[in-house]
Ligand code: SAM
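Starting off, we have a lone chain in the form predicted on its own, written out as structure tokens.
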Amino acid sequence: MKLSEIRTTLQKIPVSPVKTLGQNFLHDQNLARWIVKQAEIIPDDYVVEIGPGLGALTKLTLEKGANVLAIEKDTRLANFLREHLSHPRLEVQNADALMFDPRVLFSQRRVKLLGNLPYNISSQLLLKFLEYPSPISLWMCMLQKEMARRLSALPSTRDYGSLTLRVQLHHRVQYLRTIPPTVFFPEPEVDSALVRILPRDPLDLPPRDDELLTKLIRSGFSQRRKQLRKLLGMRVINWDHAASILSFDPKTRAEKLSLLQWIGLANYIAPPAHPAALAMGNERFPVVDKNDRILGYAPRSDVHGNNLRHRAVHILIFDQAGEVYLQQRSRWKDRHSLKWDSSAAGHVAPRESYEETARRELDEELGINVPLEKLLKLPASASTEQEFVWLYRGEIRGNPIINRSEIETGAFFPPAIIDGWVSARPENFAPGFIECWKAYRGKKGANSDKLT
């Protein structure tokens, strides 16, 4: 819309722009087209737009053939969009984006996010929609210039801080251009900027304990003028040695360390566990016939290499809210590394029962010991990679303590979201989990009075 059209439309609705809602309407049509071009929208995209306002970007995105979910907090603007941009590929949700659960987007194949984010809650919105794992493949956000500079900052700059590192740990941020106040009505009091955010390849950075890393960064930037030695020295046994091997000045401050050096510091305190790949290859499994009777024993490499029938367990762990914990398999796994999988899983060892294996794997991978319910048995097939699988279920309070040599990360998900995720993006999962999940959901439907 042109500026004159925006003024007229707002008078008709009527809407008086609210500063606390970040209601600054874009009227530069060339800039709107440029923004949509930078997002590289194609018909296969499912675009989430936060704060669509009068639809300056919404209309252009629909013209690219994409499906659009527009989240608009102002009821009057939401009703305007429904009436004036009515389209079979447009869904307008009259809601607060801070209350939206981004995990539902896993049920879409290819998701991008556009947003002219309210300046007073932009960091909250960004952290919510950037939380790992995320179903979003590209974020194109209009932000206050100061916030955009913080997100894209480099070490040793004034803008570099804990928010920078928190975002850049899983994402790459590109500062595209500064946007003057004159392209908006009403004009904001500060410059804006457009940033494009893309997911980082998980293998770009070394393995680490993200929880520990976050605590170190938060402590390190808590008093920017203090030397890190004074803020973190109690956590590091030999600070000078750490500084030497990580190539930083022992008297340095937080803003001087790069992301890789911060990760190195976390790993100096708690070295990541590397699995013994050779030992894994030499593990011996029971080899069984089509009726799950033991025929003999063979090394892991032979069992997998020759597609021999063998035994395994999968465990689904629920929290009190009924959500299921999924693990992302370690980067060190010889099969399906970084794929999402059951809460815990593993092969049955010689002279071990299925139940004993389930209890052992649960303890080894998640550090928990809870009663397990035996749910169902899957036959060995190509879909289970020739594994007979017994599926178990358990419940916990709180969060598991993951074994980082086995698991990259993990999170709880509602079952309905897992359903949509498996359907839309099966390549994200280990194949054995998909078979177990389908079997579990089928049994749940048949025994809804017994299973969560």
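Don't overthink the numbering: it's just position in the shown sequence, from 1. Keep in mind that what you see is a predicted model, and the values were worked out from it rather than measured.
Below, we refer to the form predicted together with this ligand, which is not included among the displayed structures.
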**OP:** Look at the candidate spot formed by G51, E72 and L117 and say whether this ligand comes within 4.5 Å of a heavy atom in all three of them in the predicted complex.
**Re:** yes
Original post:
Among 322-330, 158-166, 171-179, 93-101, which stretch has residues with heavy atoms no more than 4.5 Å from this ligand in the predicted complex?
Top reply: 93-101
**OP:** Taking 4.5 Å between heavy atoms as the contact cutoff, choose which of V36, L26, I418, I407 touches this ligand in the predicted complex.
**Re:** L26
Subject >> Contacting member of I121, A273, L260, I269, with respect to this ligand in the predicted complex [4.5 Å, heavy atom] >> reply: I121
Original post:
Does the 4.5 Å heavy atom contact test between A56 and this ligand in the predicted complex come out positive?
Top reply: yes
Original post:
Does this ligand get within 4.5 angstroms of any non-hydrogen atom of L21 in the predicted complex?
Top reply: yes
Original post:
Does this ligand come within 4.5 Å of any heavy atom of L366 in the predicted complex?
Top reply: no
**OP:** May I ask you to state whether L362 is within 4.5 Å of this ligand in the predicted complex, using heavy atom distances?
**Re:** no
